[in-house]
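Just the one chain here, laid out as structure tokens, in the form predicted on its own.
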């Protein structure tokens, strides 16, 4: 089998293997609710970071608005289900639509900015949203939030256990990853990578910079909105503290650790950022210090993240094995 055939086979088999792993993971976890809770949280973070990977990792636009769209989706679904009595799945659709429309409207003016100015503008948008939520107490519950959010259901079946919600979240996550993977490998993905390097050069090659930026920003908003709705209906509670700017910074940290320009990096980063604090909890007051040191080491010594380091290791092993085989044949 040639190298190109091996890569093609890998591209075909990896998604199937990923789906299979998600399917059997509850069995591997032994059905533990605490471990399933962690797996659900990882899936939700993964969905948010898929969108951020397109915006920041592929497109090169440092946006800190993911927390805002996460909150928009969460509050939209919560209000639809508690104030209007709508089914939760309809609330999920409303969350995706509302976050997407607001993202599309915001994209035109805000994506004219670049680098740190874009980051500051998106940060300001998030802070404005938090203020509006806290001040509209009659609608959003203010700082107290809303309680007793219903679980999603399809007919008589309700996703009201960690196991059932795990399958719901990861079904959405795999669907989002499949869509993002096809975008990355398409002409749109090539255009995003081009404008990440130089917008002027991309425009000179025929890339519609404004349209591509708007598309990726809107899709990132949609995915963050869905993830926010999934999160609040899982914990059955919503308050503005869950959607502060620290959440957006956490998502950027996930991509920095895992690798910002690949879906594998988004997944590995989500696992690391979710699991590490739990493992370090036994170190009490030193846990945050240790986490900070590990994060700094990852940024310094793994510039392409865990996914990039893994890819480099596989390439080296492949070249070494091929060289050994050639020497043996000689």
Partner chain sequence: MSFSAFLQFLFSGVTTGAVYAFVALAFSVTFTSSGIVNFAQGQFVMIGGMVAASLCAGYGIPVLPAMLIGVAAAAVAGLVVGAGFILPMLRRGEFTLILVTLGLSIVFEALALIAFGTDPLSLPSLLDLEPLMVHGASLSPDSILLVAAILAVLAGFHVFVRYTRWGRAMRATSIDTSVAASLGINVAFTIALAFVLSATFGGLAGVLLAPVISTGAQTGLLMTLKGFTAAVLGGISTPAGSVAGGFLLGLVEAMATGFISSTYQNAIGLGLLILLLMVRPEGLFTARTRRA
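Note that the structure is a prediction, hence the values are computed from the model and not measured. Numbering follows the first chain given and starts at 1.
As for the form predicted together with its partner chain, it is not shown, yet the points below apply to it.
Only one of 119 to 127, 75 to 83, 222 to 230, 95 to 103 places residue heavy atoms within 4.5 angstroms of its partner chain in the predicted bound form, namely 119 to 127. Checked against its partner chain in the predicted bound form, the candidates 89, 252, 168, 174 yield a single residue with a heavy atom inside 4.5 Å, and that residue is 252.
When contacts are judged by a 4.5 Å heavy atom cut-off, residue 213 does not count as touching its partner chain in the predicted bound form.
Of the heavy atoms in residue 113, some are within 4.5 Å of its partner chain in the predicted bound form. None of the heavy atoms of residue 155 is located within 4.5 Å of its partner chain in the predicted bound form. Its partner chain in the predicted bound form comes within 4.5 Å of no heavy atom belonging to residue 163.
Of all the residues from 231 to 247, the single one having a non-hydrogen atom no more than 4.5 Å from its partner chain in the predicted bound form is 245.
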